[in-house]
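Structure 1 and structure 2 below are the same protein chain in two forms, each given by itself as structure tokens.
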Structure 1
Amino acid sequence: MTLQRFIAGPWPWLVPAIGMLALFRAYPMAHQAWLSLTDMRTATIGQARFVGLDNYRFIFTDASFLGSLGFTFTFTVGSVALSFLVGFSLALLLNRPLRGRSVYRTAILTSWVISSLIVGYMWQMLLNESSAGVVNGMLRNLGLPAVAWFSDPSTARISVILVDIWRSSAYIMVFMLGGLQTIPRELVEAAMIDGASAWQRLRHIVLPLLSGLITIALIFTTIATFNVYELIVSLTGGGPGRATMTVGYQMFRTAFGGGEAQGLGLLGRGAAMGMLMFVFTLAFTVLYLRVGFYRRGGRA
């Protein structure tokens, strides 16, 4: 009877998916956690020694890692917040009956469809500080001074954030636009008849109805932004100096050689950085769910 209930229930359909998740998610995570407790290097993969929490102790006392962690948090908060504002504003605009809005939607979405690596190289050429730079060339033609987009640390950080906003806001726009089109038109029209302003309709109708979708969009965008790698590699390479070094890029350099790893490939230490990235990402997700879904349901 037990076997018959099992076969008749949902588990036969779930077992393949659970097995795939265990094989491609749980096992790699468990292996990385073990790897972070060893001194494994690319040159001595078969000779790893268990070192306990030494990698984590080193990371939390390493000024270069703490600096990259600080910039990663700044980059994530700034980029996600502004990307949401820009993307949501675009969604509100393109949800209106504008002529040619399908063309506008497609053009804006192109920035998200393009690979992050290509986006970085493209903006590196546009913001090039030499005479070949398109943006600086336009500024000179207008009689304005050229900007040190990548050679000045402060400007380089701002440039990286702006480029990521240019790309991520399209993703937010698609999410919000889909949600806006599910809001019953009757609710909005009734509010307009009652004399509600545009801000009141947004605050009391649109935002409450989209709160769940906003939470999901922010979770996905935060995870992608915090783990950014390709954009930094192609846009600034972590420079000038280490001004735009993110945790994801430092993890790669540490695990596979180069920079402070001196070409040795410190896989164990890189795995420890990856585990910390996972913990921070998980904390972001739990926080968003706590503030978004649970509070919306009156349980927080």
Structure 2
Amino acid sequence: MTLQRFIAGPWPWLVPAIGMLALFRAYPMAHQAWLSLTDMRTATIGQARFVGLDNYRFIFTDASFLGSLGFTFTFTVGSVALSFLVGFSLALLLNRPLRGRSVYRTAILTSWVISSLIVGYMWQMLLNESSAGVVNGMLRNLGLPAVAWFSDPSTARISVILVDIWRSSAYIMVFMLGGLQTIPRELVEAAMIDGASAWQRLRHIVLPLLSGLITIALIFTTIATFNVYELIVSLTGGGPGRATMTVGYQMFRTAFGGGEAQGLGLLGRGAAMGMLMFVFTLAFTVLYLRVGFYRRGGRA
């Protein structure tokens, strides 16, 4: 290829993007695979020893890490399923001819613009078990017992899931609302004339038409949920004990959880945890490509 043809072609347009992605995204991902096989610490950057699969052997025999992995799965399944249910219900509600529905939509979407870190702080206060906690205050007013939102391990796990549902259902709502609005009104009305009940219309018309979009929404949410970190930092700090630690939280703690400036951060071991998140995400990415990319003939 001559230089002239190269310049007239697409590549000069793509070079800045590909260059930045190669440096800041692709290279780190590849580097992480190597790091996970070394004993690199923050003090020994660049002079790490190759230790084979030691890091993996360690994390997969470490009860604390396995506990985090277990909770991460529970959290992901619980949060994704319920967020979808809540988000889709909200979308169905706001898809009805409701006056002022854009106001409702805006109100619900405010939860989407708040950072996970702040959502965590906010709900830590709302669900606080001291007498300043407003949710327990409301329960008391209704004559109900106060709930140990964060001090009881099993309840704390549920609390984290509930807060994550609050955080992520608005996005699903907007996503599904976009899909619902593509369904021709006549189709639903025809079914009504034929006497189909609301449930039948949902089950036999709406859900089949939106199945592709639903799968995509579930995959996006699953990826974001599995890699949760920031929400945990401010909501529970992984506690009580280690009850609400997730893989992402463990990764950051292992590598940067204090002492990394003194060289004590275990980058190699953290990278092994990062690889685990990578592999999980990759599996869902491949799934996404199968439903979202190839089915449309490779066109976006």
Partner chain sequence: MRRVTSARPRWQREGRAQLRFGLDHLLAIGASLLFVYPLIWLLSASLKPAWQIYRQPLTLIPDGATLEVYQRIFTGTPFPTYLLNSVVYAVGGTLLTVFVGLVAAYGLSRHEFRGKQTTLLLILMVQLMPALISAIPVYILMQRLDLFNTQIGIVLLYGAVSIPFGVWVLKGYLDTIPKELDESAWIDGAGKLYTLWRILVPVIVPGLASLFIILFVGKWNEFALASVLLRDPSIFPLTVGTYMLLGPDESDFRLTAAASLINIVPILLVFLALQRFLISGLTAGAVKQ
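Under this definition, the rigid core comprises the largest set of C-alpha atoms superposing within 1.5 Å between the forms. Predicted model only: the values in this text are computed from it and were never measured. Here, residue number means position along structure 1's sequence, counting from 1.
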*Given that just one of these two is the form predicted together with the partner chain, which number is it?*
2
*Threshold 2 Å Cα movement between the two structures at G143, rigid core reference*: yes
*In Å, how large is the C-alpha displacement of A17 between the two structures after the rigid core is aligned?*
4.7
*Provide the displacement, in Å, of the CA of F284 between the two structures, taking the core as the superposition reference.*
3.7
